[in-house]
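Just the one chain here, laid out as structure tokens, in the form predicted alone.
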Amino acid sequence: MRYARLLVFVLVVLVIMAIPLALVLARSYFLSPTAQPVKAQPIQFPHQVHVQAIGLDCTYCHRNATTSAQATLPPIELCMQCHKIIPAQGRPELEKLVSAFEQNQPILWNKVHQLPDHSHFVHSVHLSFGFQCSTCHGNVGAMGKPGVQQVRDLRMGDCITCHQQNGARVDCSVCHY
């Protein structure tokens, strides 16, 4: 009986100490970018068709990737250069694109690849050092339905590991400015 109180006290302390650890582990697992479901998009864009069947390079549509921090999404006008001669009738996703173009409405895509808010990633720098888009984004050209998903963690540990493996700077000011 004398040790029962001590044992209960030790168990309570261990449980209290384990709660923050459990919360951190749960946060890492459940909030991991790669654990998130694929985000629904206003148009189911078929990367497979554009990359594998037609042979377009990522930078054909994401034109700013080689020259600026943001890869950017193409304007509808770029899509319509080809799609104005491809019949949209009977193709619901293509009809959405044509409708947006005709109504001069932007397509409000949902961002797929998440980086921490306080970090900066410059696409052009990474591409100029010879990295392929697939290094960070995975093989997007092979991603079919339900759509593009984030395949790498893209959090600080992932970035630092890659920088270390490739001899890049790892000081804070590289990504946090």
Partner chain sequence: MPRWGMVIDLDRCIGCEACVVACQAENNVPINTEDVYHQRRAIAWIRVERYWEGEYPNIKARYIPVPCMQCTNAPCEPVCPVYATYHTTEGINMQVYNRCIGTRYCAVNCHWHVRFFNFWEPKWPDSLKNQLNPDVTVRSRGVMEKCNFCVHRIVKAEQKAKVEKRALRTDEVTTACAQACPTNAIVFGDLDDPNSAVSKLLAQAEQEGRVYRLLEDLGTDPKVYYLKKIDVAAAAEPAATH
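Keep in mind that this is a model prediction, so the values were computed, not measured. Residue numbers count along the first chain shown, from 1.
The same protein also has a form predicted together with the partner chain, omitted here; what follows describes it.
Shown alone here, Q41 lies farther than 4.5 Å from the partner chain in the model of the complex, counting heavy atoms only. In the model of the complex, no heavy atom of V151 sits within 4.5 Å of the partner chain. Residue contact with the partner chain in the model of the complex: H118 places a heavy atom within 4.5 Å of it. Within this chain, Y3 is remote from the site of the partner chain in the model of the complex, having no heavy atom within 4.5 Å. Against the partner chain in the model of the complex, the set S128, C172 and H176 is in full contact: each member has a heavy atom within 4.5 Å.
With the partner left out here, the partner chain still marks one of 41-49, 128-136, 106-114, 141-149 in the model of the complex; by a 4.5 Å heavy atom cut-off that stretch is 128-136.
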